[in-house]
Every structure is written in structure tokens, then in C-alpha cells.
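Next up, C-alpha cells for two forms of one chain, structure 1 and then structure 2.
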Structure 1
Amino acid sequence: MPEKDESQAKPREEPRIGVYVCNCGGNIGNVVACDNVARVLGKLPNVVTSHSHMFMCSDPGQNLIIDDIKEKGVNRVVIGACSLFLHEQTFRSAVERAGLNPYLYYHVGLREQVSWVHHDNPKEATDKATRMMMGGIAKARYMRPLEPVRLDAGKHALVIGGGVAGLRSALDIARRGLQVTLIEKSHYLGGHMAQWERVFPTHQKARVLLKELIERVLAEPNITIHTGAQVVRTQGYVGNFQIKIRQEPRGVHGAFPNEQEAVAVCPIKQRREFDYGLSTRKAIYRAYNGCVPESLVIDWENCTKCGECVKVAPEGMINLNEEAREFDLKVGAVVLATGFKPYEPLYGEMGWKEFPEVITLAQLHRLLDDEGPSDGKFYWNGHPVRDVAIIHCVGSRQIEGVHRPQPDGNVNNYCSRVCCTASMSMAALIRQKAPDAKVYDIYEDIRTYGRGHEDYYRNAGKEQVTFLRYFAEEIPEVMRADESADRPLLVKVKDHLTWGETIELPVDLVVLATGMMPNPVDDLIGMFKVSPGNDRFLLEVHPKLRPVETAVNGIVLAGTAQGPMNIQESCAAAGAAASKVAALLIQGEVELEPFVAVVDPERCNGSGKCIEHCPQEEALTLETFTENGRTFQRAVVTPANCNGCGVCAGVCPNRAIDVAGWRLDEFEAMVEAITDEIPAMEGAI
């Protein structure tokens, strides 16, 4: 039975408005005459106090508000400052500390909307700031106290992606006593880290480190893992996401003694993704030896179901008719840890695909891996490799007009962060494996920035790696050498370490130090309504202050899904993401903004127009009521599903529905005030 909403009532108390204009340390004050604005606004009706201040967000600034509320009886607060994205929470909590309902404060964006965009016109900017504040003050007269929508939250999180970041955040969340489901698209855990043999900065064996982490994750009773699994549908909101997962069949369950035979009889040969095509595999295969889960898996795309493997395997081990399964989960928060993919050069980009002797850094890692396709011997095409050129920044730090764009029309203008140190580590390793080899390292800047990274740079120098420096505008050229030459390739570099001389390097192998691109996750972006940045990686709320949260409450980021990072940084981000999830879910309850639709029961006649136009699922329903023997229909809001868009308010023929905190009467008052006369002031503005 919907009762008459308390907040619907006209404010009973006389509004006593406190007005605060922030200088923002000059960000606003250098353009807008803040003191004057504050003085002018002080003359408006209901304004009991009006100040300007260097930093409203600082403690002294906040105390000013608190004192005014307590001592001057201020009961509505209007602040003109930076963007509310930065400081709405700060000021709400100050207002609340003073004992006032936090929603009796209104924030006017004087920095983003005024001083930054009108820095060349201080006079008009001051005028605009004044008018916007007048609008805020007008709204304040109509503001009512609001309460956040409180909802039960499932103490359960979903982690999407089983790379090192996903594993680490699953572990951290579970150790805090919450339930975790981890889903991984591929059929094994660990992501890219499994492909590197040794990792900087410790030179430890990556798969050993990874195995330790996976074992800790497996030992954690709060974690459930599904491989071959992806999200297909989502619904809901923070605290209560309903998620449908689809898990591909594996086809093989458990190990059996004659696995090798079952693989051998398979007639299909495919390029092995794990080795970036440097080796092949069958349609029944294992990503790599020692992977988790260990059992073989069927490559359904290429399997012809000839049944040869089934014949040799023990009864019931292999099931070529296994079906995919779908299941539902209810979780309170989601960690996106979908990782990266190595940049794939465009055809002909520094000889890529044009010459077989051009490989990527990731392939070099596989080639030098003791358990890799050539057992770690530095061979190419059956011959030992002698001289190598490593070219940095392939697919990173690109410049528009110089580099060919990606299919979406953009170049990758970011640094991929890991390739420099990874290249230094590989360059030294080559010299150790092939002491006679010449290694040329062709770079723009060497970015061995992290703790211990510089050692790799120095070590490469000690190993007599030759450094050449190119400028992005003059990309090195890779070409086929003459028939007669004893090295198949020639690399032409304009080297700026030697007066910009053009140097030709005859080499056996060219390694492109390819950077990172985000794994394509358009489906997840659509389903969770998160946004990618210009660099296509997932976007955080604030790149300095809130680096692991997204703009969608309850969805956080971990690892390289957000941008290039090394393992250490991915694990740190994963931990930070876990902290946010824990803080959100540990209480078993989440708070949502109260800006949701409210129905005026006196006015609603059940026309159903609002429901027709509502873009949200299950936010509005028509329900039947009986009151004093009379039966009628009325719209009812489910606050958790409403996003406060206000479409309903626009279509209701009876003005019976409104958005709390943003009612039509408030808008009307604001519009009127913005177009009103600015009160005169002695002295000029």
C-alpha cells in the first residue's frame, strides 16, 4: 500500500540557505570573481550567509559549512565548486556531520562548466557563475530531505577473467570471508603469465609463481571456478546482479594413462595459440603441460567428431556429444579482469607476415622458453640464430599521420609499460644463450622505470647489446637482404645516438616489441554499461583518485583490462579492487542514490503512460489497489531498478510522477532564477 511519500510534502520549515563559492586554489578564482559572486548572492531571499573560500573541500572550508548549519541555523546548502564527481561525497558527509540531511545540499559546477571553459572572458564567466548559483539557490528552496535506497547485498562476488589479476582478486575477496565465483573464458587458468618463462623483476619462473597462486586459490573454500565460461546476460544493480553464465563443454574429464595415444590418433592439426603459432596441436589438446585444470580439452571448432580419440581412451573419458550448460548467479559485485592481448602488427608493418623471420616479443618468449616449441634453443627454421634486432614501441606510442591506424581509425598513442623491461630481459637472455650473437636494440626511450627494472637495462649493456635510437616519425625499415647476403634481413635505422646517421643492420631475426591492446570485451561493456577510454581499455572513475572503480557502482577493474601493467601492478590493482568489493559487500547491505521516480498517489490515475515509456526493466509496474471499496490502478516504482532518468515525468499526463531530488517544481524554479535579474551591487562586478 503506497503511503503518501513524506518527501513529497512541501517543505515545512522556512529555507535558510548557506551559499559557498570555492576558489579552487585559483582554478575558479582566477577567472570568476568569487568574492563578488558570494556578495551578490548574499542579497537573495532566504540566503542567510554567503562566503567565498580558497578550498571549500579542505577541513577549514567544510568547518565553515558545519558551523553555519549549527550556529546560523542554515538548513539548505548550495556550493559552487569543481565537478560534483569529485566532491559531492565530501560535502554530503560534511553536511551530514552537522546533523542536516545530506540531500539538502546542491552542487553547482563552477570549474568544469564555467572557469575552465570561459577562462578568456572573466566578466561573462562571473555573470554565468552568478546565474548558475542563483539557479541552485532557487532549487534549494524546494529541496526536501531524502533517504538513500537501502538494499540487501549478496555477500558474493563474480570475478571475470582467470589471469593473474583475476586470480589475485578472487583470493583477496575470498580471504575476507566473501563468496567468489571466478569464470575464465579459456580452458585453463593463469592468462598470459603462463606464457613467459622468466619474469622481471625477480627473474623467477613464471609458471612456478603462477602455480603457487593457483594452488592458494584452489585451496580457498570460498572460491568456485568455472573455465570455458562466459557471461551471456546480466541484470540488476550493485548488491544484486543476476548473471547468466554459459560454460562450453570440455569434452574430457580427468586424466587417463594413454592420453598421448588419444592425441596422436587425432587427424586434425591446428596452430597452437599458446605458442603464437610457433608450433601445432591437435583438436584434442592441452594448452601447455602443467596447466590447470590439467585434463585435455576438445577444440569444438575444428573437431570433426571422427571418434578416433574416443576409441583409444578408457570408456566414458571423452564425450564428444557433451552440451554447453547455462546457469544463473546472484552476486553483489563484479570484478572485470579480462586482461590484454598482445598487439598484432598490421600486414607489412616492419615486415610482419611479409618475412617469416619477423616475430613478436611474445613469440620470442616462447622461442626462448625451455619448455617451448624449440626447447629453449635459439633456433629459427632449423638454424641457430646469430644476429637479432629488437625494435621497440611496435603498436605503442603511435602518432597519428605517421602510423597506420587500427580498424577503429585510432592509433595506439599510449605506452605499453612492460615491453622495455621485457625486451631488456630477453636481449640479455639471447646473449647468454647465444654468446656470439649480435643483439641490436632499437628504441625511442628505454622505460625501465620500476623497482629492479634498471638492473635489466644495465645488464643488457653489460651483455654488449648494441643500442640505437629512432624517432617515432622515422620508423625503422625491415627489408629482404640481397640473395648473396648471409643474413636474410636488413634493418635500416636512422640512429640518433650517432648524429642521425642511417645504419643498415644485417640480421637473422627481427623481434617486434609489441605492446598491449585490451582483450575485446564489447559484450561485457554493453551488458555492464561500463565505458572504454580513448585507448579502448576500460575506464576508471578518476585516473588519480579512484583508479579501480568504474562509473557503475559495484563494478571494479583489476589488471590489464584497464591499461598496460606488469604482473606486480596487476596484482596490486587486483588487491585494490578486492578492497573495494569487500567494503561494499561486507555489511550485507548497499546504499543507492535516492534519485528515483516517486508517484503522487493523489494524482496518478493509472494511465500506464509511464510504464510504456520507461526504458528500465521492472522499474515501474501497474498495480491494482482497493481502498474504501473502490478498486483502481496506480503506478508503483521499484526503486532498485529505477535509474532516475525522468522519462516518466515527461510523459505523465497528470504530473503524477516525478524524480526525487529533481522534481519539476525544482526545475521550473531553477529556470526562472537563471533568467532572472542579477541583484545590483554597490561597486562593479
Structure 2
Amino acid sequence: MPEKDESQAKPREEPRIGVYVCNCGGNIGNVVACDNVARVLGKLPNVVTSHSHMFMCSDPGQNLIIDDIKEKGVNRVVIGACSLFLHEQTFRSAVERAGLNPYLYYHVGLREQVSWVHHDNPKEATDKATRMMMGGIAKARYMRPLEPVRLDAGKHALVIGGGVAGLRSALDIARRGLQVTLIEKSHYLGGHMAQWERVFPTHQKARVLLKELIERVLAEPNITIHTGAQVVRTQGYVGNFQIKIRQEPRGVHGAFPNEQEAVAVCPIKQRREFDYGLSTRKAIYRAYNGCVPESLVIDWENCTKCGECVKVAPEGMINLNEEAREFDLKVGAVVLATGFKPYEPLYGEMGWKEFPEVITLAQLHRLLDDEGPSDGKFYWNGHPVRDVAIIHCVGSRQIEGVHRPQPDGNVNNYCSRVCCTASMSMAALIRQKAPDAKVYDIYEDIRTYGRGHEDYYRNAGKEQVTFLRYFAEEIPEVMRADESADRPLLVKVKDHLTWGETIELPVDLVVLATGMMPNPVDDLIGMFKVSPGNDRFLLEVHPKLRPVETAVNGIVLAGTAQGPMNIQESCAAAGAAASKVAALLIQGEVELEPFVAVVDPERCNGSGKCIEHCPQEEALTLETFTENGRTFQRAVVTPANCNGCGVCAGVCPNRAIDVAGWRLDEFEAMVEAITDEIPAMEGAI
């Protein structure tokens, strides 16, 4: 390894280090002898004060740091406490309030890394805590003041997804004075909410509430909407994303008197997505009555361009030769509100596609909707449904080796959360629309978790819904009944409410309570460099501390893009995403952590090794310079794209690149200190 750069190793001022060991209310102090650790550390060079305190994050604890900085000239701070994810910002703010650069503080995680994992060995835990703090003190001797990376930020946000979460997020961002562009891949706004008749637990009409929200969005001057649009290319970074969007044409321009005739003459029939395939539509269609936009649209994938609709429409109203257009957009932040899709059962899964009398919960919603394919009557194939079985957890809470995996080889082992309440709601609605019908609810567990949702479970019992409980390893069987039977299907279930008795239920209809799966957005995952979780939903940084942010600065999540949610939760998550975007962009400038790669121009010879191994796109580039008649190449860092991973520092043959705040000389000092002898240990503990 090349020799240590002595010019970098020398600090700009004599370090005066303040050391603070937190008892964390006993979380640390009940295992680690914090007073002794502080006493030992106080003997180290450059340490001018060393304390043990019950709660360093409390106001008295913070004031102790502030007073030492002001009165004792402390210019480096080392704190041993709980996770830095909880209180790093707390201590940075305290240091800054005292007039010290906030990056001249180092945090040692004594709770998670010491007391919690070595709770049965207090002496060894105290030894480890001391050594870790010694490493922090060694690093502090070499720390330099840092400044955040500051970037200009356009006061413009892109919202991807026109469902309830995207609409809510766009509206909340726009109300804060920022420009918003909302794009929706389909040609209509509203997402899945438009397909429900009522929302629980208020029983308000879903499409009425949705229309009110859409009208508020349309009335907001700061919002621009593009339907039939999707992102095709991205580049840039937080504050300055350059987005290319492709918008498919509608093919129909405005409304005209004989629209129904234009639809009627179309020879193409397709399954209607809005009714989940329970009805059909033409290749020229509108999603539903009252949809937004209200005009018809051409289904380009299935349209044969026969021209029959053009013949009956006024001139210029329908253009079957219209082409897609592309346009560029510059935004400061992006909200991913890409939504979900209902789980599609595999062929034969509990009779799906094998028996026409097996439908999904989403189809049942449409069937019982007063504006649905059967006008709200509980009919199937033209006959009233007398007995129905609803089977829970289809596509959710799956077990490897029991359930068939998805195409990626994984099962859906998560709970979709909303299915139980939706099933209870539908069971009660069936009893209202068909009082004589028998309803069997076959569940694994009932999880009506939301406020007021438990009432649906209790009311279902009062409505004489019959409950049966199965275990996940014993999947209910759906089979064709004998020809002599008066019900077409037979459901066989081992019921653990009757001590494991096998029960056979003759029914007219089986409803599979399918869960949620994320919409397929692999293209967006690749373009924005965001990560999916094990459940395939988009992954947030931390479910509690940063619940709507991704690991990519400026990219946030809203609604069911990140997991199963009901409408209320989607709106709440959308509001949180809007708050994050507004806080990021409202000042017109973005501040990022300064822990990014820094190139030493005197040592860089342009080998390109750092660029070859850098995992971050556009973080490092090799640029050509001319100086004193000499032309040479040198690595250049784009701080906004660098995440400070340090790969470049490890591969540079000349040690010409480092990470600010985590330089190699700091690492070396820490390693030496951790492996050094602990001073005055004898008799101290």
C-alpha cells in the first residue's frame, strides 16, 4: 500500500476532543460500565473532557455538549449511544448550535453493537465499548470540517400514477406552490378506486369521492396531467432529473353526438378490464360512465383500423393514423405512485379458470355494483346465486412447498391486509341483496385491522354468515359436484372450528379473496435505480424513520407502490410523500450529505480504475484537461450521483481518491486504536 499522505493526515487545528458515553436509560448502562469507560477514555491524548450521562439525547445531555464546546474549546465530539439512525441528526444539531461544524462529530453505536449483543458478558462488553470509543477518538483526530453538497433544485415534481395516491400526492404538492406534472399509463384517471362502488368503513360512494378529488386536481393551476403516458428515459439527480415521456394518442378528439353509433359499428370485442373480464367492450370505448377524461379512446393494441368508426363520426373527430409523441421534462423530484394489481390465481388454483363458477373478490365487487355487469343483482350465468363460498388468503400468506410459486420462483408470503375487511363487506352485501342465500366464509385468520373494520366481522356473524377455518398447509379443495347435485361446485375444507372435521359445501359460486401484487414496473426500477423488496413492492429506506423515501435522493413512494394499503392509508402515504417533496424543493436548493468521493488532482493519472468499478451511474467520469501545453485525463466526481460507497478508493492504484468524512487515514487510525492496549485498564473495571 502506498505511504500515508502526511499532508492529509495532519489536522488543520489541534484536536480538542469531547467524549460522551450514554447509559441510554439502562439499555447500555445495565451492561456496560459507562462511568469506567468514560474515565479510561479521559486519559487518551487530545481528550479534554469525558462524561458518562444517563440520556445524552435529552436536553441536559445536549446542553452538556454545547457547554463543553463553548467553555472548554471542544472542537471534536465523539458520542457512544444508541443507533445513529435515531439520534445522529439530534447530536449534529446540538453541535451546530454550539457553533461547531456538525460533521466534526462521530457516533459510536454502543447499544446495538455492544450491550444488546453481549448482555451476558458485562466485562467483555465494557472492554469492547472502550475499544470502539478509542477507534472513534482516533478518527476524530483526523476529522475535517465538511460542508453539505448543495444543488440547485427545480421547483417542479413528477408524479407517476393517476390513481388515488398519485392524485392526492399531486394535489398536496401543488398546494404548496410547486409545479406538478402527473402522468398516468392508462387513458383514464382514478385507478382501482373507480371500480369499487363504496368505500369502507363510511359506505360513501367511491366514484363520487374520486370524482371530487379529480375535479380538485383539474382545478389546480399548478398541475399538468398527461394520460396514456409513461417514462421512457431518465438521467440526472435530485433537483435536476431530465425525464423523457412518451404519450400514446387517444385517437378520438372531443365528444360528438353519435358516439354510441361509432362504438356499435366497431367489429372488435375485448374483455372489459373495468369489470375484470365479466363483460366486453369494443376497440373504441370509454372506461365507465363519468370517467375522466370523458372522451372515447382507441385500443391500439386490438384495433384493426378498419375505419368503420371513422365513417359514422364527424370529420376529424377520429384519427386512426395518429402517432405517439415524446417530450422532455426537467423536475426536481419524482413520486412513484404506480399502484397494485389484484393477484391472478394460477390455472386450477382452487378451481380458477377450471370452473366458470369460480371468480375473484374483485369480480364479486363488480358483480354486486349497481352499475356493474348484472346491475347489482346477485346472478351468475343468468341464474340467482343461492349458496356462495368466500375463500380467504388466495395469493397471500403463501408457504413455500405448499403453494405454487410466482414466475420469479417466490411465493407471496406477505399479508395483503385489506382482503379480510373487503370479504366481510361483500358477505354482508350478499346477505342484503340475496337474503335467502347461504354465505360460507372460509378463512385462515380474520385480520380486520382498521378502525371500524371489526364491525364488519361482527355484523357478518349477525347476518348468519357461516365461518370455517382452515390452516395454510391444508388448502381447501374446489371440485365439480356430481351431475345429480343441485349445486355445480363442491368445496371441501378441513374445518378447525369443529376440531378438524372435513366438511363439504355445495355452492353455486366460489369467490377467491385474492390479495395485492405490485404493478410490474421493472422499467422504472431500472431507470430510477430504486429497489424492490422481497415482496416485489418498492422498498423504502426505513419503515419507521423514512417510510416513503427510497435510497435514491429525490425519489419517493406513495400508496400501494410500496405495499398493500387501503384507500385511507394510500392517501396518508401520498400526503407524506408530498411533504417530503415540498421540504426538498421549496427552497430551490437541495442539501446532500458531504460523504462523497474526492479526487486528489496531484495523484490522479487518469487510469480509469475508479470509473471501471464504480457501481453508481454517472458518479465518476474521465475528463480531458490541458495545462501548460500538456493534455491529460483525470477522474471527476459528480457529487449528486455519488453515494460514498468507497469502491473507487479501494481500486485506485495511486491512492488518489478518498471519501470525504471517511478517508483512508481515518480508517487506518481507527484500526490501530481498536487493536491498541487499553490505557489504565487494570483496576479501572
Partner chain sequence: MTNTLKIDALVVGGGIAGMQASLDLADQGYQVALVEKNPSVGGMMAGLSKVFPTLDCCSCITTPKMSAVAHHANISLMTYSEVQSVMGNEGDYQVRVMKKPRYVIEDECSGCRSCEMVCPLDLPDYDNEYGRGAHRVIYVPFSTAVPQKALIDIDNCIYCGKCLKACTTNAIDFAQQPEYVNIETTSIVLATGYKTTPYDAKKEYGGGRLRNVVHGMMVERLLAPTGAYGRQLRPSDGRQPDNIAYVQCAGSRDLTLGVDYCSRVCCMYAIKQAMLLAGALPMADITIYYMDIRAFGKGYEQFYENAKAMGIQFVKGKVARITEDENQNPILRVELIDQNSRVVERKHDLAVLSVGMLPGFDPNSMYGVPVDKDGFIKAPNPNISPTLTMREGIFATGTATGPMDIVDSIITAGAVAAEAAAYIQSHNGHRQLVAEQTERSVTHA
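The term rigid core refers to the maximal set of C-alpha atoms that superpose within 1.5 Å between the two forms. Everything numeric in this text was worked out from a predicted model, so none of it was measured. For residue numbers, the reference is structure 1: its sequence is counted from 1.
### Query
With each form of the chain shown alone, which structure should be assigned as the form predicted together with the partner chain?
Here the form predicted together with the partner chain corresponds to structure 1.
### Query
Of the two rigid parts seen between the two structures, do residue 442 and residue 155 share one?
For residue 442 and residue 155, the answer is yes, because the two are assigned to one rigid part.
### Task
May I ask you to give the angle in ° that the smaller rigid part rotates through, relative to the larger, between the two structures?
Between the forms, the smaller part turns 12 degrees against the larger.
### Task
Give me the C-alpha shift of residue 37 between the two structures, core superposed, in Å.
Taking the core as reference, the C-alpha of residue 37 is shifted 8.3 Å.
### residue 106: CA movement between the two structures [superposed on rigid core, Å]
The alpha-carbon displacement, core-superposed, is 5.4 Å.
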